[in-house]
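Next up is one chain by itself, shown in structure tokens, the form predicted on its own.
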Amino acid sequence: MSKQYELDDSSVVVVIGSGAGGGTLANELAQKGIDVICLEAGSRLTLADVVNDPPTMDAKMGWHDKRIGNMVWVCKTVGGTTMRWSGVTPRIQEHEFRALSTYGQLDDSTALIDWPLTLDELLPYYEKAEDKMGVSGTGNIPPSAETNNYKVMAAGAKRVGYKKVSSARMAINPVARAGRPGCQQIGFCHTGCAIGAKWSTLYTEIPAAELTGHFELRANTMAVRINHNKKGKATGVVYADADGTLHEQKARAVAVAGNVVETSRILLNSSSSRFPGGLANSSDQVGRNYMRHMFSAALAVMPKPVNFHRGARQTGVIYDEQYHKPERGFAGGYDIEAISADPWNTSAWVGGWGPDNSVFPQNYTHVAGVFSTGEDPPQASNRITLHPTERDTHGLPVPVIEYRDHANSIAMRNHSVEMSRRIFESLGATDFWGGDAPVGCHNMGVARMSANPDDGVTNRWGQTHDIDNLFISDGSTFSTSGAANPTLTIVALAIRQADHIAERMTQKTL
């Protein structure tokens, strides 16, 4: 049972969002004896609420408030997008923390920077995150089970000369561990794991924080703005409850982890005479440099049945392309990941039903699939702003999302599709489709870390350059995207940030 704090209790840390960053940070602070209130815009589901039906679960946990522009695929529920993710957890590589130094400034982009921290600094936190999440193939945890779809990908990868192929690095228990069961290969991982084998803050971090007696979860509370005093320190968060009534929760410090759209919106909507461009935005970088990875998908009809819908949705990764090899015609690299899809998504990927693309849904049992995720260069023009007049049902300015592929991403996508084709055709695929997968996930940037305050919003701890008791705790802080799926890094950074906040509090400098 959550502890209940008074609205005027200014000793608490208020965390906005309960997903990978916010849920992890809240639990880590509570475990250290720091009082935390977590505000979550969505409702709290239970495992009994999870059904293997994508439209039903999207209605229960998808974020459907009005937005303008590119689609962003996130969740509005306790646990955030850890309810929807597939559990793939590679690490960002050393060279990807030094993107500018490694690649040089790219054409059509002046926004590339290096991270203000290194892989060596993050390594112990990666290890803590992997243990917390139960990442397969790390520590004493066995690799994930090899599904038919993975076996097809791995066999094709070997034939085209790839060597770094693994069914490990999934945050889905291969065997029972830490109070969660082992994976039963049910599938539908992106609709919420019905048994809790996949890591989600809904049933890991949040319940653990509640047991400490230093944590309160307030679900169905929409953060509206962050207030500050005359000295520019954050003093509290105004939020609307389920009835639309506004309240202000006082705070010692505030951490924002609303995924990129809501993180941008609350900072920009908290403008004042002291901060006319929004909180932490003296650099005009809030909302800018929005990244979502280079994505591609590929489907192939194989000579024999695959039944790729049976088993975990994503069960392995090819890492051979996650390096900087400029001779390929682009900077940075990408991973190729085994992926399955339900019949509806299978047809949607190839453009819907029709005489020219019915071969995939009609041969569904023989389809195999992969999904590639690669480095997405930051661009200042890829950004999230607030509409000057449009308001949503909460009376908040509607976010406007602008995103356009960089030329580097287009070249990388073409290469990934061609390599996917080679993988499947080496095994005798009779039909192939490959192309863009504009799913709007893996959201990063908008409040990035930077050594120079003019280049970003936060320092190496996710602490804003402008306001020292205001932190950003989600993928918004990524300086660059790397190729790896971002959730593991978000969790590692949240654990690291909790250590920093606790140390600052002990020193009485926060």
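These numbers come from a predicted model, not from an experiment. Each residue number is its position in the shown sequence, starting from 1.
The protein also exists as the form predicted together with a small molecule; that form is not presented, and the subsequent description refers to it.
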Kindly confirm or deny that A20, G42 and R84 each have some heavy atom within 4.5 angstroms of the small molecule in the model of the complex.
yes
Taking the small molecule as it sits in the model of the complex, is W461 in contact with it (heavy atom to heavy atom, 4.5 Å or less)?
no
At 4.5 Å between heavy atoms, is D376 in contact with the small molecule in the model of the complex?
no
Within 4.5 Å, heavy atoms only: does C441 come near the small molecule in the model of the complex?
yes
Give a yes/no on whether T487 approaches the small molecule to within 4.5 Å in the model of the complex, heavy atoms considered.
yes
If you check S372, Q314, S264, S144 against the small molecule in the model of the complex, which one has a heavy atom within 4.5 Å?
Q314
Between Q285, N382, T77, S420, only one gets a heavy atom within 4.5 angstroms of the small molecule in the model of the complex; which residue is that?
T77
Taking 4.5 angstroms as the heavy atom distance cut-off, pick the stretch from 398-406, 245-253, 219-227, 150-158 that is near the small molecule in the model of the complex.
219-227
